[in-house]
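Next up: just one chain, as structure tokens, the form predicted alone.
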Amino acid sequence: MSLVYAGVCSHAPGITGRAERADPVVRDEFYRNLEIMRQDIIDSGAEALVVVAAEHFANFFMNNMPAFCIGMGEEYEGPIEDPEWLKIEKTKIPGASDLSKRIITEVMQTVDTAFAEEWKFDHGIIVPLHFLTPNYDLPIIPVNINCQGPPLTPLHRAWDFGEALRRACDSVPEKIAIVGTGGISHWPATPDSGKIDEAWDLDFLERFKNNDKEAMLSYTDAETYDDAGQGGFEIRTFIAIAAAARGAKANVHFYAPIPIFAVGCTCAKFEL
């Protein structure tokens, strides 16, 4: 088996950009769990990290909005945002071009995906990497699911994509870790920024940790928008990781609403 780790975590820009304004007790416990994720990935022996994220109009816009995209560059750069705002310096991140091409080729046997040799990471990828591979020494394969530009990628297709990713990871000899990043409920860049629906989050996480496919796919976009904000559309990244876990249950090691980070912050790992 080549997939050696599967987990999810949050990626909001405030996690680094407004760190000093958060409750230090809750913030530090969140950071501690991100450190545990980092160590778990190291201990898994992973030779590359696939990051399934939601892009924020940094590389893709309405003139070209793929349902799925996988990076296959030799290297990447990030963050695309102002480093002073995000509190992360611009850096080069190693890719895994040959490995990525093999994964893309296998994914495309069942799911159509775009691919890109050039990709500038926004906070959706670079914030998790800041914690999970702070020396930027683990090859990264970035993945985007369209959670931002309607018509959004359907939830059942995100599940299909996760299954295809798992099959692709298991088809290569390299050991692969996969991490999904996103919200859960949040209202970024709106007057409601900082609002978090904790009850909605906990209900979703209950479905997620049980890997309850039917329950996770039962949301409609209208319901999600009303109850969890446009940021709630990022459940697609969590759903893809659940599919890649092939029925395994997840341990939610951390969840807490952190309003100054504008999201309910999460760390979870599947028991593969």
Partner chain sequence: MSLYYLQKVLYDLNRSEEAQANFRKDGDDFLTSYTLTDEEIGAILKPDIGLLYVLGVNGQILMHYAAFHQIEWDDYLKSMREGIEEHGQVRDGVYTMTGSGKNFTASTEAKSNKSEVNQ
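What you see is a predicted model; the values in this text were computed from it and never measured. Positions refer to the first chain, counted from 1.
Separately, the form predicted together with the partner chain exists; it is not shown, and the next lines address it.
Proximity of residue 189 to the partner chain in the predicted bound form: non-hydrogen atoms within 4.5 Å are present. Proximity of residue 106 to the partner chain in the predicted bound form: non-hydrogen atoms within 4.5 Å are absent; the residue sits far from the partner. Not displayed here, the partner chain is kept clear of residue 249 by more than 4.5 Å at the level of heavy atoms in the predicted bound form.
Using a 4.5 angstroms limit between non-hydrogen atoms, residue 194 touches the partner chain in the predicted bound form. In plain terms, the part of the chain that comes close to the partner chain in the predicted bound form, with a heavy atom within 4.5 Å, is 77-85 out of 170-178, 77-85, 126-134, 108-116.
Candidate site formed by 58, 62 and 90: every one of these residues places a non-hydrogen atom within 4.5 angstroms of the partner chain in the predicted bound form. Contact annotation for 242-260: residues with any non-hydrogen atom within 4.5 angstroms of the partner chain in the predicted bound form are 259, 260, listed in sequence order.
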